[in-house]
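We begin with a single chain expressed as structure tokens, specifically the form predicted on its own.
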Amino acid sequence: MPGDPATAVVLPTTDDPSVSAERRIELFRVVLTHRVMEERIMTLYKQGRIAGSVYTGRGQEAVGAGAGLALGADDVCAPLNREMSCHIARGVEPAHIFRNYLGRATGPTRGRDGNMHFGVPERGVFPLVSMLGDLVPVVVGAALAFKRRGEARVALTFFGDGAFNCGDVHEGLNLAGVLNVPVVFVAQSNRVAYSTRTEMAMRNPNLSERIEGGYAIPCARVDGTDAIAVHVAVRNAVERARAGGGPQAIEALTVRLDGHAAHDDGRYMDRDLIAEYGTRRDPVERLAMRLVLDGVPRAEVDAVRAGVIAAVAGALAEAESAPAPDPADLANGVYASPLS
């Protein structure tokens, strides 16, 4: 018999009956794929095989997964550095991501970048802009285009509590409300902006209160380590936006378990929070516990783990075998016309 959630070391996710057994397993697969891929990427970085920077989403995988799987096939999204799981949920192949990190010629930036600064238009994934917060007005523009064309489509993006202090975020929120466009904002409250703790930068760190009070945009506050709770909240927000309800927002409460990037040891972070969120609230293990409580045999959960690990290993091997870019092609695609 499954264990009692009240005595479990790991806190299981929400048991929402509107989320099917198949979707729960898919959420687990996506969140775990993100985790395993970033573990491999960190190893590659430490080996000196990644020329760019690495910004991990350990502890935040549930947000991108829950949001990405809540979107329709024709919707668009703009994930950031820590939302690799959103890419995966949208069908972006792990090998495609590895090829970019390794700077391969067949990667999305053809060897010009070494991290998550890319988009996949055929999957409705916009490319990342390094200046966090800048994508908010971009997706508002996309949502406005959908509204003007009469298309039942939704645009979604993410930002953190640090980016919430940027002007573009507030301009985008305000414009979305004024124009009443079908857009969903997912705010990741991970308690820190680079090395600045949120309470040192905001008088009121409750983003839900500020979004609803300042812009009259409905904002649900959820546990960002609970993939099922995130998925349901974003799914409901997407449905309201698609039905003409205007902009919607989600505040996902979570904790960044690593430093800002691979070169940052995160010594400034709250160790007690990391201890709690890295064990009882680990997004991967919370989903695994939910599956067991649902009656999924542990052997089947372990088989999903093994399948993900094997698939990631195969994707990395494929990326490693891809060709390096030709230096002669360096200027191609940079300018509107070839250099003379």
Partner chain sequence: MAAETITYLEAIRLAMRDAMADDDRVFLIGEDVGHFGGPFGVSTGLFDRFGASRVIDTPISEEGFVGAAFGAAWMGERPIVELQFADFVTCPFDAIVTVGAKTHWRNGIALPVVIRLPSGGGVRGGPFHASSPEGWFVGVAGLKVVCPGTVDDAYGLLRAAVEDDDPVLFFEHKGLYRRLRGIAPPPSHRVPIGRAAIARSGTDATVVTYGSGVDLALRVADALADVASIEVIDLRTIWPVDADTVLASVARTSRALVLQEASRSTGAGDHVVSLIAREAFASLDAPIAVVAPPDTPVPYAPELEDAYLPSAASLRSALEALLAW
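Residue numbers count along the first chain shown, from 1. Everything numeric in this text was worked out from a predicted model, so none of it was measured. Under this definition, the rigid core comprises the largest set of C-alpha atoms superposing within 1.5 Å between the forms.
Keep in mind that the form predicted in complex with its partner chain is not shown, yet the notes after this line are about it.
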How about Ala201 - does it come within 4.5 Å of its partner chain in the predicted complex, if we only consider non-hydrogen atoms? yes
In the predicted complex, does Gly52 come within 4.5 Å of its partner chain, counting heavy atoms only? yes
Using a 4.5 Å heavy atom cut-off, state whether Glu93 contacts its partner chain in the predicted complex. no
So, in the predicted complex, is Asn100 in contact with its partner chain at a 4.5 angstroms heavy atom limit? yes
In the predicted complex, segment of 146-154, 67-75, 232-240, 164-172 with a heavy atom within 4.5 Å of its partner chain: 164-172
Listed residue that, although its partner chain is not shown, lies within 4.5 Å of it in the predicted complex (heavy atoms), from Leu179, Ala220, Val120, Val129: Val129
Between 174-195 and its partner chain in the predicted complex, list the residues on our side with a heavy atom within 4.5 Å. Ala193, Tyr194, Ser195
Taking the rigid core as the frame, does Ala331 move its C-alpha by 2 Å or more between this form and the one not shown? yes
